[in-house]
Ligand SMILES: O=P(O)(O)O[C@H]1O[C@H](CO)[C@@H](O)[C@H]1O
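Here's a solo chain for you in C-alpha cells, the form predicted on its own.
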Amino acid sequence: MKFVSADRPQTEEGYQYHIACKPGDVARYVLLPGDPERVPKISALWDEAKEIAFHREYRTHTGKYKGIPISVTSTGIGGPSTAIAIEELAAIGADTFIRVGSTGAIQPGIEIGDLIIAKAAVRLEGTSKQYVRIEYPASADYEVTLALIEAAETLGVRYHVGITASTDSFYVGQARPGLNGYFPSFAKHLIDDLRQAKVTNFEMEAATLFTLANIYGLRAGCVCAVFANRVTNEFGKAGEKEAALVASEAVKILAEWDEEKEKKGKKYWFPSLRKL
C-alpha cells in the first residue's frame, strides 16, 4: 500500500492510515466510544451493521438506525487518539460526531447509571492546546446537544446537562491518589474548585472533540453514562446501553432536522422552523 506523504498518511484513494477506512466506508454521522469492545454493543442496537475496519484502537462499524446511515468508531482513551480519529474520519466525509462514553460525576444528585450530556468542556487535557490557544472554548454543537436532549426525553432515561472536565490522567488528573498515595496539593483541591464552578463530571475526550470540531466546522456532542460517583465514592458499570440508544436516536433526530433545513433553505435548525 502506497501512501501519499508523511504529512498526511493516506493513499491516493483516501484510505486513512490509522482508522483503516476510505471514503464511502462511514456515514456522515459517527458515534465515538473509547473502548473498541463497545462498538459491536452499539451497532447491535441498529437495524443493520457490518464491521469495516479494526486497526489499533480504531474499530469501525457502519449500518443503519431506523433507516438512517450511521457509523461508530472507537477512539481509544484520551485526547491524542481522539484527535487522530476526528482528523481521519472528517477527511473521508464524516461531519457530525457524538462521543458515547463513561464518566465520573462530581456534583450531588447524580446517580450511577445516569446520563450526562455535555454542553461544553473544561480543557484540562493537552491535545487541544496543540491546536489552538487556551482561551478558545470547547463547546458542543447546539443542534447535537438539543438532539441528545430530545432523544433522552423520548427514551425516558434519567439525564443531566452540564459542563464536563476533560483530563489526560484518570488518576491524579481527576483528583485520585496515584501509586503509593502520591497526591500533590494541586490535585487535592481540584474537585472542590470545579464543583464550585458548576462543572458536572470528569472524562477524557470531549474537550479535544469539541475543540477540533469547532476549528474544522464540524458538529459534535457528547453523552456519557455515569460509572463513578465522586461524591459518594461509588463505582459501577451502568447506563452504557442507554447512552448508546440516546446517541443513536439523536442521529435519527439530527437527520430529520438536516432534511428539514435543506427543504426550507435554512442553515440552522430552530424550533419554529417546522411552522415556516
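The structure displayed is predicted, hence computed values, not measured ones. Throughout, we count residues from 1 along the sequence that is shown.
The same protein also exists as the form predicted in complex with this ligand; that form is not shown, yet it is the one meant from here on.
No clash is found between this ligand, overlaid from its position in the predicted complex, and the backbone or C-beta atoms here, as no atom lies within 2.4 Å; the site counts as open.
Considering this ligand in the predicted complex, the lone stretch of 109-117, 131-139, 201-209, 180-188 in range is 201-209 [heavy atom distance within 4.5 Å]. Shown without its partner, this chain lists 77, 172, 161, 146 as candidates; in the predicted complex, only 77 has a non-hydrogen atom within 4.5 angstroms of this ligand. Of the heavy atoms in residue 28, none are within 4.5 Å of this ligand in the predicted complex. In the predicted complex, at least one heavy atom of residue 38 sits within 4.5 Å of a heavy atom of this ligand. Using a 4.5 Å cutoff between non-hydrogen atoms, residue 98 does not count as a contact of this ligand in the predicted complex. By the criterion of a heavy atom within 4.5 Å, residue 33 is counted among the residues contacting this ligand in the predicted complex.
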